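Just the one chain here, laid out as structure tokens, in the form predicted alone.
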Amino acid sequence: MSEAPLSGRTAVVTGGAEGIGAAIAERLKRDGAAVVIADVQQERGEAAARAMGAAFVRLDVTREEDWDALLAAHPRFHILVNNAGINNGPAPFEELSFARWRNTLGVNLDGAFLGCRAGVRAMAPMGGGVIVNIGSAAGERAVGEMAAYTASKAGVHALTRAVALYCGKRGYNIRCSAVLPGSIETPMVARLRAESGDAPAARARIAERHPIGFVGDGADIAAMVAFLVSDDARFITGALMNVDGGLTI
């Protein structure tokens, strides 16, 4: 029987308590990695970790001290998936508050920056690793009513390329790429649909926007992440991988 592809490697997944993050954590665990779920939701995160035999660390991705604590507890890891993110839903641009703007960029972009920096600090001394950032199709195909989310994810995409280039030039052997989901069936998306007042109609409208004709699920994103962190992707860095049902065509 062949060895699991990620055997002997440790993977940190932020926002791993539910949704896409939980699907990624489960897939990496199944592929043989020792998984650390890092999430601000302590009860859900601990429950998810128990269910899959993973470790849990409470992490607010916007707090430097939380990242320092994670590095103190897990100073060396081979894989980092910066998945934690928020989407506060649509709003007229002229009514978008600065507080809402800052909150969205704080979690989505600042959190990805702090994560990438922690990943480089952990991986460079051990001779390399892989960072995968979870971006969004919205970062490539703008959504006018979600300016903060669109801008934050476009920033994640640019950050990904900068980190990949920096690590390559320094000879760190750290690959950094991003996965760009389209609409994915997650608790966060379900909550946004519920707020629309007609969840089934909202789901149908979202599905119709994707040429493939349906909404994806967490396993679709997890499969791409599993590929990017594997040795099969050894020649891939700085890539923005669309897993969006054709939304950005």
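Here the structure is a predicted model, which is why all the values come from computation and not from measurement. Residues carry their position along the shown sequence, with the first being 1.
The form predicted in complex with a small molecule exists for this protein as well; it is not shown, and the discussion that follows is about that form.
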key: Within 4.5 Å of the small molecule in the predicted complex, all of Val12, Gly115 and Gly129 (non-hydrogen atom)   = no
task = Please check if Val40 has a heavy atom lying within 4.5 Å of any heavy atom of the small molecule in the predicted complex.
result = yes
task = Using the partner position in the predicted complex, report whether Gly53 sits within 4.5 Å of the small molecule, counting heavy atoms only.
result = no
inquiry  = in the predicted complex, is there a heavy atom of the small molecule that lies within 4.5 Å of any heavy atom of Leu70, even though the partner is absent here?
reply    = no
key: 4.5 Å heavy atom contact, Val120 and the small molecule in the predicted complex   = no
key: Listed residue (Glu46, Asp60, Asp220, Asp31) with a non-hydrogen atom within 4.5 angstroms of the small molecule in the predicted complex   = Asp60
note = The one residue among Leu80, Ala84, Val163, Ala178 placing a heavy atom within 4.5 Å of the small molecule in the predicted complex is Ala84
message = Among the candidate stretches 85-93, 165-173, 71-79, 140-148, which one is within 4.5 Å of the small molecule in the predicted complex when only heavy atoms are counted?
response = 85-93
